[in-house]
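The chain below stands alone and is given as structure tokens, in the form predicted alone.
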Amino acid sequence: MPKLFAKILLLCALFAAFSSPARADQLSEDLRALNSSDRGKVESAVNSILARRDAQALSILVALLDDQLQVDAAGNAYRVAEDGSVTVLSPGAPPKPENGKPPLVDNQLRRTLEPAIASLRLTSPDKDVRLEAAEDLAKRRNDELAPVVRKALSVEKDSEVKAKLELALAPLDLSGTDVALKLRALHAIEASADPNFKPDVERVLERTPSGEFVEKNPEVRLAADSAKAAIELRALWFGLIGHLFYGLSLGSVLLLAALGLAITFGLMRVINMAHGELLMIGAYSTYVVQKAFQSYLPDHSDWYLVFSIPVAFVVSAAIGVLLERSVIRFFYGRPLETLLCTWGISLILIQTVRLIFGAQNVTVANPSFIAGGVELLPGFVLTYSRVAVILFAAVVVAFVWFMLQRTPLGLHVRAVTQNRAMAASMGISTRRVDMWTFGIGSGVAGLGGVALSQLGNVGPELGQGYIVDSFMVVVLGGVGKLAGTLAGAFGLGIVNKLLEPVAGAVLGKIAILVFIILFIQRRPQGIFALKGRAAEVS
């Protein structure tokens, strides 16, 4: 008996050894047949590849359906993506196709391929492959594939995959007459709470012109009500999360715009109406670095954003120092004159940028590592660029905090802010502190321009839309207080985004302005007020 068993194992091994090359030769033959002009040969080749029912066959057929399959003269298969990247689908094949030819895929062949691929994926031994196929079928809603889905559902054992298959059949089942299938479909929709199925559920609850329900079965209507409520509840929660996310994003932009203003306004009491133009200069610095990378380092163009951060900071800081030394230092202690003076400077900067770059907006492209996003719900996309702006704002705040709290310059800035006369009597050069502080505040504004360049187009009047909001943030949070700037920026950003869906953009902005006016009347020092002698001197 043991000898007989050993002989059987030997025969199986020999069969596998001889059949494997035969299967490989047959696959090469089938692949070459895909390029045939004979429709019968092509369909026969597709059926032969499908009969293999393995991962390689699935990869080949999916590439064929996506119009990305190429077959060389030796019968090797390759997937060639739109960006030119090549994936070898035949083991042992050269890395790139030599004289590869894409098979012609017409509508008739697509109608053959779609159910074949769906069947192949739904019968895969890998649960993840089956689950992905079921989710794809639930999104595509192809009624022609219903027989394939029903057959897969009848043999599927995994509860997660079964739920997705039931969801894929839900629209078709709801349009039928079988009450059991309708209830199963509605329970599947309720469990998923997918907003894409809301129109299907609402059709179940439609009424005739006389006011009677189209659906006569009360149990089905009750299930439809429950499914609709689940969908609306999920949409409400995701809508709230979306508003909070966009509020954090707007708050981060306001924070970057107001952070430099909080430093200069808190120290020197200079009403800098040109602060928005420093944001614009940072954005245009990013644009210039991008163009330089595209011209001289095209293979590394994604890195332009990393290099634009120090460039924007230095350029904006240098312009800030130049303005402070040449104009602003002569107007200290005269707030009305500084307002008019810096307003004139803002007009000069806008016109200068127009002369250099033109009046039209310029585009700063997102690098590939922050391009795109994740769709958490229809209509709500978590964009990587906005997430990057939020993280960038956190880094900038940490940098400003470190500079103010852990450096000699920060110590001098805090001393001058609290009591300028006492700091001067202790040997601190207040004029030099003013210069460096104005430069750092301007540089931080330039960093805000880098962030803004990733959220929209860059134009000469970019900063005009943020100067008023920046002053609101500084005044609401408390002049010269970093914590107040944080609270003011994120508070205004989140409240603004929560009010927009309810009251509209204009009324929401008016409501915020009225709130700030009433709040400042009640608490003129802002959320975080200076205390003690600093408040007295102010």
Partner chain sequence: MSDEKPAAKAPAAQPKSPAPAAVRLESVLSKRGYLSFAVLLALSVAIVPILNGLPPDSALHLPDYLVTLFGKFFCFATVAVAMDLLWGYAGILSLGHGVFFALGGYAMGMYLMLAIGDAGVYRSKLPDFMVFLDWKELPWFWKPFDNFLVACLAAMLVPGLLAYCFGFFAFRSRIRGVYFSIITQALTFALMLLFFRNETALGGNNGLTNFKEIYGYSLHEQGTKLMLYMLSAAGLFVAFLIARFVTTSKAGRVLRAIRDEESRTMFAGYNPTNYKLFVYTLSAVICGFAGALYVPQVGIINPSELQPSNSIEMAIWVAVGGRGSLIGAPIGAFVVNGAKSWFTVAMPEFWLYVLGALFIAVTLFLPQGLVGALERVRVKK
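No experiment lies behind these values; they were computed from the predicted model shown. Residue numbers count along the first chain shown, from 1.
Omitted from view is the form predicted in complex with the partner chain, to which the following refers.
Residue in contact with the partner chain in the model of the complex (any heavy atom within 4.5 Å), chosen from V468, A394, L409, A73: V468. Checking A146, L104, L205, I348 for any heavy atom within 4.5 Å of the partner chain in the model of the complex turns up a single hit: I348. Annotated contact segment (heavy atom within 4.5 Å of the partner chain in the model of the complex): 499-507, selected among 43-51, 59-67, 486-494, 499-507. When the partner chain is considered in the model of the complex, V475 lines it closely, a heavy atom lying within 4.5 Å. In the model of the complex, the partner chain lies within 4.5 Å of some heavy atom of P335.
When contacts are judged by a 4.5 Å heavy atom cut-off, W401 does not count as touching the partner chain in the model of the complex.
In the model of the complex, R354 approaches the partner chain with a heavy atom inside 4.5 Å.
For the stretch 273-292, the set of residues having any non-hydrogen atom within 4.5 angstroms of the partner chain in the model of the complex comprises only M273.
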